[in-house]
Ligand code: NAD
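Before any questions on binding or motion, here is one chain by itself as structure tokens, the form predicted alone.
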């Protein structure tokens, strides 16, 4: 298949490389002009799109997605599919899909879960919104880049699934860190708490698979001085997207709102930027109860 890939950063680069390694013809464009094994560099995004059956984008935000779509969609061949794998706001995802469909193209919003490691290993999970036909066209590529692709519904449904998932993740990580900080102050051994909670009703992915306490549970960023597996600023981005969507949909999300406020303080006013989102544990451990403690 002839593929154009736009956005060859920490996520997009490995994804494009895996497609090329599987035998697809991949033309890539990124403003930073990285060299990706097997990927033919294009001078512009439109050049990468010319003649491609599928265009895949992996971009930082909805504003950039809209700008790239405006450049790329007129250059795409009729019947081709525009597949955006960025995590962006639902409104941008739907606007770009409408623009693509109006131009006679297929359109998918297909944000991912699995991080840089999943991108490199080809084990990402894709949450996909768009038509059945467009999903069928791109499914073989999802199989190369990931281990699972779930067709969640019409345009915007992929982004909706991603931000709902990550709102849960942000809230449960804070709750997990709060519990460890409380256990410390109650004199409860962290390993003992893990042994109980990980097999009781408090278990969660944040505790069982990504424990924020060093030396407890499976190896996680906490065991590497909280160097990011998933950076706190990326969690903040996703939480903000969840609250933007909640505002647009008139949904009451008080825990999501509070998690957004806590990660905003952690990233923008404290030392959270550049640390894993589970570094909320040392932040909370160092604090006491009282006015302004949150």
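Nothing here was measured: the structure is a model prediction, and the numbers come from that model. Numbering follows the first chain given and starts at 1.
Below, we refer to the form predicted in complex with the named molecule, which is not included among the displayed structures.
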Answer for residue 7 alone: is it within 4.5 Å of the named molecule in the predicted complex, judged on heavy atom distances? yes
Contact label in the predicted complex: residue 214 to the named molecule, heavy atom within 4.5 Å: no
I'd like to check something about residue 51: if you look in the predicted complex, is any of its heavy atoms closer than or equal to 4.5 Å to a heavy atom of the named molecule? no
Do residue 282 and the named molecule share at least one heavy atom pair within 4.5 Å in the predicted complex? no
The named molecule in the predicted complex has a heavy atom of only one listed residue within 4.5 Å, and of 234, 255, 265, 46 that residue is 234
Since exactly one of 164, 116, 183, 75 fits, which has a heavy atom within 4.5 Å of the named molecule in the predicted complex? 116
Can you tell me which of 35-43, 55-63, 242-250, 256-264 lies within 4.5 Å of the named molecule in the predicted complex, counting heavy atoms only? 55-63
In the predicted complex, which residues of 11-42 put a heavy atom within 4.5 Å of the named molecule? 11, 12, 29, 30, 31, 32
